[in-house]
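Next up is one chain by itself, shown in structure tokens, the form predicted alone.
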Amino acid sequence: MKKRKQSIVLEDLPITQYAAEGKALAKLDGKVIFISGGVPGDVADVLITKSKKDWAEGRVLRIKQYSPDRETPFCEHFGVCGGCKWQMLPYAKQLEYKQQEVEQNLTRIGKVTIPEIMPIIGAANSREYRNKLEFTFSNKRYMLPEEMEAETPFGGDALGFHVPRIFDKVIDIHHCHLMHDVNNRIRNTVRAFAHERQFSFYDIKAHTGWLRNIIIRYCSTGELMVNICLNHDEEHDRVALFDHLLKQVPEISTLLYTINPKWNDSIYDLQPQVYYGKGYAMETLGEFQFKISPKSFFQTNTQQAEKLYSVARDFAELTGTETVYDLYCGTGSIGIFVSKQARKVVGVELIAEAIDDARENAALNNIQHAEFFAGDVIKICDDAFFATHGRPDVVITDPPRAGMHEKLVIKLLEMAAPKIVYVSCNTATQARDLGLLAEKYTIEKVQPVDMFPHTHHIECVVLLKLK
């Protein structure tokens, strides 16, 4: 029988710095301790959760002395919900730490020479900035510690966000500040009606229950698209619920439902059905319109996406004569955004459905000099492709968090485009890729952009030029 390790609590530990990814940092006897739930300037009791020779990880148990930089979180769910972990930091401080992380990642991980990093572009709205949210139904509501101590009956239904690191519990969210208040009205209306009619909430372990998810998209155009995911169809109950929701929230422009009998929540391989409206929503970025279908990817902060794409366009230094390759182009948003300044845009994306959307969005904006191709960039961009479409003068790449595949980096080095504009949502993997590209490229400009206030996430645009 294994002995349980004894818990180690470091008392009255001064937290001195910001580390990365939302964690704070302390040092004790030469050992670095990465701490969640702390702010530089706090003095706290810290529970050690992992300990190695030179470093450890821990979380704040109790704060003995509050940092002067702390402020009161604005959300009733703070500390339980994992969505906005930095609410206790003034927004100006959040931006300061994000700027610091960009510089540290590019120099320490990438080991590249960088120019002075431009000041991070902050958000005008640090609340209600998201255009898309997804909420989960569960018959296992997460119980707060005080509820457990009070011996409140366990469980009950919930509609909200998953508890971090606990896959089968959901926090019952009554007010979320990430989107316009319409998201709260939709969620609370559905929850109340479901309780009144005794509709069953999903059980993730048993794969039973009826109601599974709600996906809400609220566009800057005012269009509001709601997709309710169900484990199976119950037409009578579905009609009653949907009619009630449309009556209570008349702003809904499109209401869909998706029958999901699978064990996971993904809907990429399922077909949403239109109950009310046109089945999609229209969004704008700058002067351009975009049709967003229920499964489309689109930047979730429209205002900041405009700023991000404007930086990418400025960095590309287009004169109207260039062929621009937009890699990981998704639904074509960046390529379309820069198209007016380019002679030709060539978009490449692995997901065929996204390419269909990109082509439709190009047609919607009467852009005839953009072409979009589904497939792997490494396989598509060969000599025959270049002979047909031209070699790139500028490459814009916007990969997922994992960064670019090493084979793609090698392909970019082979392409040897005069300019690369690298848009990233993960400066650690961006730094790794920049280190590889340094073989042929120098870094000319670095511009961080904050897309997600009150979180540790950062976007960063880097301009590289051929040596």
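Residue numbers run from 1 along the displayed sequence. Just so it is clear, the structure is predicted and the values come from calculations on it, not from any experiment.
Form predicted together with a small molecule: not shown, discussed below.
The small molecule is not drawn, but in the predicted complex it has no heavy atom within 4.5 Å of S138. For E283, no non-hydrogen atom is located within 4.5 Å of the small molecule in the predicted complex, even though that partner is not displayed. In the predicted complex, the small molecule sits within 4.5 Å of a heavy atom of C329. Using a 4.5 angstroms limit between non-hydrogen atoms, Q299 touches the small molecule in the predicted complex. Taken together, the three residues M179, C219 and F242 all stay farther than 4.5 Å from the small molecule in the predicted complex, as judged by their closest heavy atom.
Interface residue among I367, I109, I351, V249, judged by heavy atoms within 4.5 Å of the small molecule in the predicted complex: I351. The partner is absent here, but in the predicted complex a heavy atom of D376, alone among D382, E103, D376, E134, sits within 4.5 Å of the small molecule. Between 94-102, 163-171, 343-351, 205-213, the stretch whose residues reach within 4.5 angstroms of the small molecule in the predicted complex through a non-hydrogen atom is 343-351.
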